[in-house]
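Consider the single chain below, provided in structure tokens and representing the form predicted on its own.
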């Protein structure tokens, strides 16, 4: 039985295009379980912007087609190969990055699984690998921050933005958070934001007013265009401007002055590349922090709705709505 392939209900796509037109409910065969493998039954997997970009064919890494989408998720181990150690049947686990999680069953190398305590809520666990990991890496990879320092970010109500706010508060850093619409200040303040500023005219001056005139050394950009420029202008000399997204679909504008007179460093971050380069110990340390915060309730991402795999078209339409109150997840 262990060497028999297993068929799994799945979301599949065979061409790139409009997500709701190319993704459909179907089935795929899992590969045969090897001695070092585990069969995992997936409990929940989010729909992230990057997943939509993959379906559209405009992401940094694209799978060979046909493929199953889904960059992250959580599940239960249902079967293990005879050589597996450290992972047992019944364990709740985080799946490897980019394995294709919009399915019910998947076979993966057991050593790539991260076991989770039962106290971590399953929907929160499903969202740990991309947004919170991106936030934590950016907060500690580029600038050595001291307690009380300011960080400035745009897209502050996004999944990564909310994680930045919560992690910064847990670590003793302060955040000034730029958003693109009204009505978010109370919500973001409740999860730990020190200041919330709406995009628009005089953005840089209003950011500095919020920080009491203190120029942050770290700026996190997921929008581009004028918003990214506003962040760059307020950074301290030798500050670092990190871009990890392009929600505004506008390129970066880098004034000569911030390079010549302030020597601002412009960097990019992509968590997929980080996972490729990181050692097993670095990944384990990252998740020990994130899991502990999720278990304690420090890290929490709002969820607006969950859908079964069969409702993938409805789920994708919901995930693409503007001004949602939370994430959309698939629960096979």
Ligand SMILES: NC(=O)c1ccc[n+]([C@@H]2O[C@H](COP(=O)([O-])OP(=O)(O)OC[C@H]3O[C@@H](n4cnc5c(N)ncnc54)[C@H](OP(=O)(O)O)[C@@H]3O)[C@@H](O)[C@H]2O)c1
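Positions refer to the first chain, counted from 1. Since the model is a prediction, treat every value here as computed from it, not as a measurement.
Form predicted together with the named molecule: not shown, discussed below.
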Q. Heavy atoms within 4.5 Å of the named molecule in the predicted bound form: does residue 100 have any?
A. no
Task: Exercise: residue 76 in contact with the named molecule in the predicted bound form, heavy atom 4.5 Å - done: no
Discussion item. Within 4.5 Å, heavy atoms only: does residue 266 come near the named molecule in the predicted bound form?
Written reply: no
Exercise. Taking heavy atoms and a 4.5 Å cut-off, does residue 173 contact the named molecule in the predicted bound form?
Worked result: no
TL;DR on 130-138, 109-117, 143-151, 76-84: the one with heavy atoms within 4.5 Å of the named molecule in the predicted bound form is 130-138
If we test each of 157, 124, 211, 240 for a heavy atom within 4.5 Å of the named molecule in the predicted bound form, the one that passes is 157
Among 95, 195, 203, 223, just one has a heavy atom within 4.5 Å of the named molecule in the predicted bound form, namely 223
Those residues of 84-122 with a non-hydrogen atom no more than 4.5 Å from the named molecule in the predicted bound form are none
